[in-house]
Structure formats: C-alpha cells, structure tokens
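So this first bit is one chain, no partners, the form predicted on its own, shown in structure tokens.
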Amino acid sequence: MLTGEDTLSHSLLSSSINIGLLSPDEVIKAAAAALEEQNAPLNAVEGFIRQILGWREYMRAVYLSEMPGYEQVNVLKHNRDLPDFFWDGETKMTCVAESLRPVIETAHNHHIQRLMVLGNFANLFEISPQQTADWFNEMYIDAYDWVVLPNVLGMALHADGGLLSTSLGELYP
C-alpha cells in the first residue's frame, strides 16, 4: 500500500459492471483483446479475468445460495459498535486512516484496503458484522448486498464460520 495512490493496480470498473453499464462479458473480451494486441501483459490480464469471472461470480453464487439469513451471520459473536472514525477518517492509525480517506472522498478504495485493512480491524476489535457490512453498503459506490455480504461477512470477518472461505486452522490443525 502506498499513501496517496488510490487507484494503483486496481480497476475502477466495478461500479459500472455492478449497475449494468458494462457486462462482465464485454469487460473480459476487452481485456483479452488488449492481450492479443500486446497492450497488456499476460499476468495482468489473467488476474483481471480471474477476478471478474471467478471471484465475482463466486460471491454471487454464495449470496444466492445462502439468502435469506446470511446477512445475520455472526459465529464469533462480535457486537461492538463501529467506531466514529469510520465516518470521518480521524484516527492516528495511519494504515486505517489511509484506507478510509479514499472511501470518504470518492466512495472507493483498493480491495486490500477494504477487506484486509478495514475488515481485519473490524474483526480484531470485534465490531458487529452487521454494522460493518452496513457501513460498506453505505460508503462504497459499487456496493450491492450480493457483493458486500459474502466479501465482508465471509471473507473479511469470518462471521459465517468458514462457509465462504476455510481458515488455515481448519486446513492445517
């Protein structure tokens, strides 16, 4: 993470795809065409297509198979309130402040900042998963329940007990 590099190595297409201005198919075809025309390297195109076709559709599948009810998962029983600084970014924790700043300014940040920094903070400080997911839905331009709930509740907070992603402790006891 670099301070002040809000869009480094990250697509800004998610809001246009999520509201239907672009289809996943046309975005994937454009990326493949960029590879064919040698305007993008293989590793970048592969990673991008995997995110669109793989992770995005996996999130949709989890949401469709687990709703209704998934929005209430909280196996770790976290119940603390979301701190006020999530709304104004005023904290001395530089990593958290730098992750909040672009969200407050532009309703967007990198997925590492979203899920690994802010999600990990919420998990470590036992913030309510529902308050955390509500904040994501309110603050991000590309937020929809089908995207937010599995990513936040499942991947970032493990509030679903490993339904979405297995913990390393379960793989390597």
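These numbers come from a predicted model, not from an experiment. Don't overthink the numbering: it's just position in the shown sequence, from 1.
Not on display, but discussed next: the form predicted together with a small molecule.
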Considering V45, I127, V62, I52, which brings a non-hydrogen atom within 4.5 Å of the small molecule in the predicted complex?
I52
In the predicted complex, does L12 have a heavy atom within 4.5 Å of the small molecule?
yes
Applying a 4.5 Å heavy atom distance criterion, does V152 contact the small molecule in the predicted complex?
yes
So in the predicted complex, is the small molecule close enough to A159 to count as touching (4.5 Å, heavy atoms)?
no
With a 4.5 Å heavy atom cut-off, would you call K29 a contact of the small molecule in the predicted complex?
no
Each of H111, L115 and V148 having a non-hydrogen atom within 4.5 Å of the small molecule in the predicted complex: is that the case here?
yes
